[in-house]
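What follows is one chain in structure tokens, specifically the form predicted on its own.
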Amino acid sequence: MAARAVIIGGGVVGCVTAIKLKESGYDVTVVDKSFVGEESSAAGAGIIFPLMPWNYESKVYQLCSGALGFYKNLSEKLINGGYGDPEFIESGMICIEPPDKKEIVQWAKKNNFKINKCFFNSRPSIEFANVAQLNPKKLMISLKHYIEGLGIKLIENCNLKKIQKKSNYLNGWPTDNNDLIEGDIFIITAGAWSSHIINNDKDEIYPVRGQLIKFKKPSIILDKILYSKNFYLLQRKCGSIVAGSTIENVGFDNTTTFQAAKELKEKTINLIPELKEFEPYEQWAGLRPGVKNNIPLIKRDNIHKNIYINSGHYRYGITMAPKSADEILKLIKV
């Protein structure tokens, strides 16, 4: 009988972890407090790159490496299997007027990453070749159908109780309805909500609100992701342009604000003046799981020997999901 693995949290990290466990022979269940793929994973921009890896510890880029190839292959599986198109695009990225050119060049050389000096609207810039994007909302819709097709069980709208008892081994995780989600191992992939169900990581993972806006199909073509001063612009396959994002420590508040929309539009116009005449037609917010130094918690729980934590990927959940799932698999097999 296959070992039972319960994934707690149905975002991209949870879904990719579930896929890799299923492929390794586990009987997998994904439990989500709402609906699979409808929280922070679907709220991001979908850039498959850690934006400023030269400013981070090397572990960040290590966890991001290989993601482009993973999603390129996964995208083909999803499309060919009839699960939907996640809109994977190998677009590349232009970093406009970077203040830290020397650090970028050194990082690129060290990591054998292809960059080219260029100009964007007469501004000195650096182009990054191996950067891709996808549409997070469409990815999560496709992933949900895909994991169901693999025989992974989904339990949605299920609130789990916080684990208090200091026993070494957990046979079943209690729900608010006093049911038990039975399993042999439990993997917490609940992002910013991880501290709601286990005590050990209180305050280690915390919510960071990010707001984004979208412009409807302007007569402008952005064939590259644009990045400048912690702000990005990218274009979806349908032609709409996404601008983001804010970084706000406001707790578990995912409401949108007029001030954020105003600031994001001003930054948009600074890069693309032609968008001055357009008003954003959509604004939304997601709660990213903030963590120290942008390095997620990928470990066995300090108390319960069959509970593992794979949370705290901050802005790079999509990019880090494949490698962090691999690291969890290694821990389980030790």
Ligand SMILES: Cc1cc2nc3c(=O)[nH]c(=O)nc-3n(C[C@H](O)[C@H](O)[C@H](O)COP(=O)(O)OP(=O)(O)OC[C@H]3O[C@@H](n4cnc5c(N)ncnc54)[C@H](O)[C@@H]3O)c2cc1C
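The first residue of the sequence shown is number 1, and the count goes up from there. The model shown is predicted, which means the values in this text are computed figures rather than measured ones.
FYI, the form predicted together with the named molecule isn't displayed, but the following is about it.
Handout entry: Partner proximity in the predicted bound form: H304 to the named molecule, non-hydrogen atom cutoff 4.5 Å
Key = Because no heavy atom of H304 falls inside 4.5 Å of the named molecule in the predicted bound form, the answer is no.
Practice task
Would you please decide whether G183 lies within 4.5 angstroms of the named molecule in the predicted bound form, comparing each non-hydrogen atom pair?
Solution key: No.
Problem - Close approach of S40 to the named molecule in the predicted bound form, 4.5 Å, heavy atom - result: Residue-level check for S40: yes, a contact with the named molecule.
Exercise for the section: Determine whether any heavy atom of K267 comes within 4.5 Å of a heavy atom of the named molecule in the predicted bound form, and answer yes or no. Expected result: Output for K267 is no: heavy atoms all beyond 4.5 Å of the named molecule.
Handout entry: Per-stretch contact check against the named molecule in the predicted bound form, the hit in 120-128, 206-214, 104-112, 79-87 (non-hydrogen atom, 4.5 angstroms)
Key = Only one stretch passes the 4.5 Å heavy-atom test: 206-214.
Problem - I94, I147, L139, L160 - the one with a heavy atom within 4.5 Å of the named molecule in the predicted bound form - result: Contact check passes for L160.
Handout entry: Heavy atom within 4.5 Å of the named molecule in the predicted bound form - residue from A45, L63, V28, I298
Key = Only one option qualifies, and that one is A45.
Exercise for the section: Would you check whether the named molecule, in the predicted bound form, lies within 4.5 angstroms of a non-hydrogen atom from each of K20, F70 and I332? Expected result: No, none of K20, F70 and I332 comes within 4.5 Å of the named molecule in the predicted bound form.
Practice task
Between 166-194 and the named molecule in the predicted bound form, list the residues on our side with a heavy atom within 4.5 Å.
Solution key: Heavy-atom contacts to the named molecule in the predicted bound form: T189, A190, G191, W193.
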